[in-house]
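Given next, in structure tokens, is a single chain: the form predicted on its own.
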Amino acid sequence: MTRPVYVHDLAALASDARSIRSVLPDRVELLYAVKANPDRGVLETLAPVVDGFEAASRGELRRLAEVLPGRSPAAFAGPGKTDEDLTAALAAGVRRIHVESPAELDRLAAIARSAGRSADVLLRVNLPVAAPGASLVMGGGPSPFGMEPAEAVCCARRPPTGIRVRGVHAHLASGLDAPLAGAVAATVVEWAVREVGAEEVDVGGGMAVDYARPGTRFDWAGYGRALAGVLAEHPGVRLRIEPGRAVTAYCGAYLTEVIEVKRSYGEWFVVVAGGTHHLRTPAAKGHAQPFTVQRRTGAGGPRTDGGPLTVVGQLCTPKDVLSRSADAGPIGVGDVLVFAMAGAYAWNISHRDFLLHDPPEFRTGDPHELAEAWASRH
């Protein structure tokens, strides 16, 4: 039996990234949020296309330095930054540090002064912006993310010595379709220009990725037109966006082999090698990971009857569920399941040490070609 394997289709990723870049206005910088997938091949593929990278930890700063030496990160973000984090960001030459609170701003200023340098920052603001239909809301109420609008205004008008406030960062929600993302961006920019006189506004990421409809993509062209309208209203502003999941989710697949099929109290269970300790996304988001089946050549033995089934892994917990399906068709031992949309928040967020199973392998190429070759080897 072959170990489960992650396959990254880097050619498809490069094509998708170029398509995204092509429909964005010139005054919109496209950053990639490293947290979505810090794989070396992914970063190297995106480097010639994106305008920069957003890191949210010292580990991500180190990763970028290893994979792309000499290229300074465009942004450093995240709550709970320690003095060591801020020092590392300055040393890495980060172009913009996103500051979460007045206290963090004061600490950064002291660190910058002691190093004999200054820091360019964006103030992260927790704005009360309506986002109906968003899958995750991080603004408009009590939150560890960002500062209240009045605090941000005070920081912008009276920054401590050693700090240059360049503008505002406001990532307020995730799971936004293009019209809603455009409306949120317009509201954020309007506030930032009116209250802070911002030169730059980073409206974050949060573009919707629909795991229930793998063929549906975020309307990047429509979003680009919306951002062009925002920029036309504010000709002195430069915009920045930081997508992660919406860029890389579609380039990755998780391939694994069926170990057993069984019925329990009238329900079918398909047990595969690996599980949510490899691919945490379905457990984290509470969805069924989309998959296709590559039939094993010359397969015999028991198969599901085409009715509803649950795909589970090898962990000793009933939460180890990768997917459920009512129409997957018959599945038998030795078949290869190809889980799509596994290019973001997958291996890198998984509880990989639980039960100490072997890790998956990693390859590049077309996942369906690999699955076909895998299934035909039996």
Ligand SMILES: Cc1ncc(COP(=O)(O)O)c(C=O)c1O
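Each residue number is its position in the shown sequence, starting from 1. This one's a predicted model, so the numbers in the text were calculated from it and none came from an experiment.
Beyond the structure shown, there is the form predicted in complex with this ligand, which is absent from this document and is the topic of what follows.
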Only one of 64-72, 41-49, 28-36, 329-337 gets a heavy atom within 4.5 Å of this ligand in the predicted complex; which is it? 28-36
With the partner left out of view, is residue 205 within 4.5 angstroms of this ligand in the predicted complex by any non-hydrogen atom? yes
Does this ligand get within 4.5 angstroms of any non-hydrogen atom of residue 146 in the predicted complex? no
Is residue 240 close enough to this ligand in the predicted complex to count, meaning some heavy atom within 4.5 Å? no
Hey, in the predicted complex, is residue 244 touching this ligand, heavy atoms inside 4.5 Å? yes
Residue within 4.5 Å of this ligand in the predicted complex by heavy atom, from 81, 96, 277, 171, is 171
